[in-house]
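Only one chain comes next, encoded as structure tokens, the form predicted on its own.
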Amino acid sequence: MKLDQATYRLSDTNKLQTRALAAGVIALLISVVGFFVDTQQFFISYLVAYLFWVSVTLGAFFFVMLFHLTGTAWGVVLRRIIEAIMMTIPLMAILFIPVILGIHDLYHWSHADVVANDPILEKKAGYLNVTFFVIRSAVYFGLWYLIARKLYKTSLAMDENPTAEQVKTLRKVSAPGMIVFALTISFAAFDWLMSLDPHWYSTIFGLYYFSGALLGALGIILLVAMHLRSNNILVEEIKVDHYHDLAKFLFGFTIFWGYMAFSQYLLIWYANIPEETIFYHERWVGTWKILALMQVFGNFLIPFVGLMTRNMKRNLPYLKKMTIWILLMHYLDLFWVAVPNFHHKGIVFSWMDLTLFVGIGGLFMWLIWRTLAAHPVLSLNDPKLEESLHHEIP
């Protein structure tokens, strides 16, 4: 992989794209075998993997709008990477189709006979039904794509014919876009993840999923930027100070995730209402107890302590390892929330957890590198690019 310093376009990325695409396709083909061996486990593993990768997409979408709204300068050199992750929304919409196909294996509220014999589900049937579930999901992806496409097209247009009006457009689109995003990601979290147990509810579950999405997006942004750096690309443009700022975000949103997780637990523990406490009771059975404790130590305490000092945030090899750890914990967090609804006695890992994670992830990374290679990797005519290139942390 090389960079043309005049145009800031990547070349020789075909090998990287081919490897990612091949890994994804091969892993998905292997997973098809699992579909015929254990259909329900296939859909369980697919859902967890899908929720991880779509959270990365949505987290990047949030950061693009956040940077436009705040007018931040330091993040301009990172924007093409973040935009490339954001523009995987169409791919994630397509990859949502297997979730719809597996709806009867995943969501027991989708069975008419079950609903008919459950008074609680009968009352929720106006919202929790297959048709409305599909319509809502289509609306989420439609809104996300329309907003993201407008932001991306406007950003690319600045490379050709920059105007002050374009900067205003990016902000004007991001303002209502942020409100739409807040509502849709919350309802998507309710629909796709919380409704796996339709008897349980949490009013802050949308924020819980959102906080994890931010960590997932920051992790992939860091890894993509570091991979470019390892190939001597954007070494001078994306400096250690930029990584330091990303690490500060990673540290801050680790605290935010911990706050959301603890707040949800504290409110449910204090109220002690059976239909709420069942969530934690089911996750404190057998070996699920181990994974529950990992949420406290692995998902919060280790990153909190591990990213606390300035030197930790600026040590790139160390930061890469911590980033990979946080991504692993983010996956296990989603696994811990979703899978106990199906395996009640203890942790059950399947080989399909790995193959489907790699399968979706391979397609995901292929599209990111394809998008990055199609346009300059820097927003060359952004009015704040020069300030971003000279960004320094005191």
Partner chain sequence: MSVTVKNNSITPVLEEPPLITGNQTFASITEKISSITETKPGKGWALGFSIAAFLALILFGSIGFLFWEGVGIWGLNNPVSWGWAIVNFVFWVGIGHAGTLISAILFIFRQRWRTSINRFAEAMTIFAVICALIFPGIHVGRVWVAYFMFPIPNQMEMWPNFRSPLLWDVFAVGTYFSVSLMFWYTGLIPDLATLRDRAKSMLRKRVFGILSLGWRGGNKQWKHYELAYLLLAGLSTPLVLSVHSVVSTDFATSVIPGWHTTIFPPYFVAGAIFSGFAMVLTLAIIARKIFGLEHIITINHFEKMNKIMLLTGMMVGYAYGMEFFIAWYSGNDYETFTFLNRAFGPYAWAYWTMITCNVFIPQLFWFKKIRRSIPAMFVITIFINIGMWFERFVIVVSSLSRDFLPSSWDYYAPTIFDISLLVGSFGLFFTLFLLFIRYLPMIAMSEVKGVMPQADPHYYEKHD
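Positions refer to the first chain, counted from 1. Everything numeric here is computed off the predicted structure, so don't read it as measured data.
Not pictured, yet referred to below: the form predicted in complex with the partner chain.
Novice: Do residue 96 and the partner chain come within 4.5 Å of each other in the predicted complex, heavy atoms counted?
Specialist: No - in the predicted complex, heavy atoms of residue 96 and the partner chain never come within 4.5 Å of each other.
Novice: Classify residue 1 as contacting or not contacting the partner chain in the predicted complex by the rule of any non-hydrogen atom within 4.5 angstroms, answering yes or no.
Specialist: Flag for residue 1 set to no.
Novice: Taking the partner chain as it sits in the predicted complex, is residue 284 near enough to touch it, meaning that at least one heavy atom pair lies within 4.5 angstroms?
Specialist: Result no; residue 284 lies far from the partner chain in the predicted complex.
Novice: Verify the contact flag for residue 146: yes if a non-hydrogen atom of it lies within 4.5 Å of a non-hydrogen atom of the partner chain in the predicted complex, no if not.
Specialist: Flag for residue 146 set to no.
Novice: Specify the contacting stretch among 218 to 226, 315 to 323, 187 to 195, 285 to 293, defined as having any heavy atom within 4.5 Å of the partner chain in the predicted complex.
Specialist: So the stretch in question is 187 to 195.
Novice: So which of 263, 110, 137, 154 gets a non-hydrogen atom within 4.5 Å of the partner chain in the predicted complex?
Specialist: It is 263 that has a heavy atom within 4.5 Å of the partner.
Novice: Under a 4.5 angstroms heavy atom criterion, identify the one residue in 116, 183, 305, 100 near the partner chain in the predicted complex.
Specialist: Of the listed residues, the single hit is 183.
Novice: Would you mind checking 237 to 276 for residues with a heavy atom within 4.5 Å of the partner chain in the predicted complex?
Specialist: Counting only heavy atoms within 4.5 Å of the partner chain in the predicted complex, the contacting residues of 237 to 276 are 237, 245, 248, 249, 259, 260, 263, 264, 266, 267, 268, 269, 270, 271, 273, 275, 276.
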